[in-house]
Ligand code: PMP
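Before any questions on binding or motion, here is one chain by itself as C-alpha cells, the form predicted on its own.
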Amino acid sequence: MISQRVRTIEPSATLTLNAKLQEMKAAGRDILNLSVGEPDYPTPEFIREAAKFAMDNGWTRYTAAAGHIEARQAICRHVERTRDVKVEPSQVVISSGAKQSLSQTLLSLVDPADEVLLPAPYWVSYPELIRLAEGVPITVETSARENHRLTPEMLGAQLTPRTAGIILNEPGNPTGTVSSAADIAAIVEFAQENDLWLISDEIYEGLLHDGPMHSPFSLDPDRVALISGLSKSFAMTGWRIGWTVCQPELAGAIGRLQSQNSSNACTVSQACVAPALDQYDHPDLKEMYSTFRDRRDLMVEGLSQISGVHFSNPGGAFYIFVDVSERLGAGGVADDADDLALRLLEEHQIAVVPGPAFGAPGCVRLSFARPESELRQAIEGIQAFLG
C-alpha cells in the first residue's frame, strides 16, 4: 500500500540518533551531546516580544501562500544589504523552514532522471530530497586534507548530458566550509558554461567565524536559487521559517506548489521575519556568534592534539567534521565510523554523528552548539578514546 516514492526514502540519520539519545537519557544516563543541529541559545528576547505583539494584533489568520508582504519585503531588504542584489517580493517564497524550501525548489526544477551534482560531505537530507523529486544525486567528493575545496574540475568529472544542476551549502553542514570568492566565482562560471541551475543553501549565513561569506546569488541571481531562513542564525529552529529567493518564473512555480501542499507558513513566525532581519546585528545575536567562534577555536585546539585525525578549520556554522579513517579497521579503535560513534556513546557518553549519513565513511560530525564546559569534557573523552 505504501508508494515506491516513500518506500525508498531513508529516515534522517540525525533524528534516528536523537531517538537513541532520548532512550539513554530516560534511563538516567548523562550524555555529552555533540550531535545537536541547533543553537543552544534561546530565541533572543526582542524576537520573542515581536511574536507576542503579533499574536495580540491580528497575525493569526491566513496570509498569501508565498508569505505576508511585509515579511517578503524584509527579506528583499536583507538580500540587497547582504548580497548586493535588488529583488522584489514576487521573487520570495516563505515556507515552513529551509527544508521545505529546498524540497519545493527541487520539485520545481528537477525532472525524472535529472542528475544533480552534490558535493560530499553533504547535509543528510539532500540526496533524499533529490530522489523525492525523481532526480539522481551524483556525489562529488571533497577532502578534509584540501579543506573540502570544490573546483570546476571536480564537478566536470561527474558532468553528463543528464546533469541539470548543483547544490551548494555554505557555511556548510557538516564541514563548516566557507569558500573563497574566487572559488565561488569559478563554480558559478562552470554552471553558466554548462547551463546548470544552482541551489545555494545559506541557512547558516550569520554564523561566520573568519570573514564574509561569498554567495553565488550575488553573481548570477537569474541562475541561482537562494535558500535561507531564521532557524540557525537567529536561534529559531522551532519557529519553522525558511525562504527561497529566485527568478520570478521559478518563484511562481514554487508558490503554486506551496499553495496546494501546505499554504502559508505560521503567521506568528512570519511576523518575526522583519524584526529579526532588520536587527541582524543586534547585540544578543553578536554575542551568540562570538561564543560560537570561541567554541570553534576550543574544538580545533583540542582535536589538533590527537594523532591520525584530519579536519578542515570550520569557517562557519557550529560543526567540525573529523576524518578518523586512519584510526579505523584492523588495529584501529573501531571497525568503522558507525562503530566508533556507538562506542563513544556507550563508553564515554559522548554523542557524535557518523559520517556515512553525510556521504563520508570514515568521518564523524561533532557539533559545538553546547556550553564550553561540556565541550571540554567531550574533548577529554575523545582524546582518551582516540589517544
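Remember, it's a predicted structure, so these values are computed and weren't measured experimentally. The first residue of the sequence shown is number 1, and the count goes up from there.
Another form, the form predicted together with this ligand, is not on view; read the next lines as being about it.
Undergrad: So in the model of the complex, does any heavy atom of Lys232 sit within 4.5 Å of this ligand?
TA: The answer is yes: Lys232 has a heavy atom within 4.5 Å of this ligand.
Undergrad: Could you tell me if Arg131 has a non-hydrogen atom within 4.5 Å of this ligand in the model of the complex?
TA: Judged by the heavy-atom cut-off of 4.5 Å, Arg131 is well away from this ligand in the model of the complex.
Undergrad: In the model of the complex, does Val92 come within 4.5 Å of this ligand, counting heavy atoms only?
TA: Residue-level check for Val92: no, no contact with this ligand.
Undergrad: Is Tyr204 a contact residue for this ligand in the model of the complex, using a 4.5 Å heavy atom cut-off?
TA: Tyr204: yes, in contact with this ligand in the model of the complex.
Undergrad: Note which of Asn264, Asn169, Ser179, Ser103 lies within 4.5 Å of this ligand in the model of the complex, where distance is taken over heavy atoms; exactly one does.
TA: Only one option qualifies, and that one is Asn169.
Undergrad: Ok, Ala98, Val224, Cys272, Ile187: which has a heavy atom sitting within 4.5 Å of this ligand in the model of the complex?
TA: Looking at the other structure, the residue within range turns out to be Ala98.
Undergrad: Where does this ligand sit in the model of the complex: which of 285-293, 146-154, 169-177, 212-220, heavy atoms within 4.5 Å?
TA: Within 4.5 Å of the partner lies stretch 169-177.
Undergrad: In the model of the complex, does every one of Phe311, Phe321 and Arg376 come within 4.5 Å of this ligand, counting any heavy atom?
TA: No, none of the three is in contact.
Undergrad: For the stretch 106-132, which residues lie within 4.5 Å of this ligand in the model of the complex by non-hydrogen atom distance?
TA: If the 4.5 Å heavy-atom criterion is applied to this ligand in the model of the complex, 106-132 yields Trp123, Tyr126.
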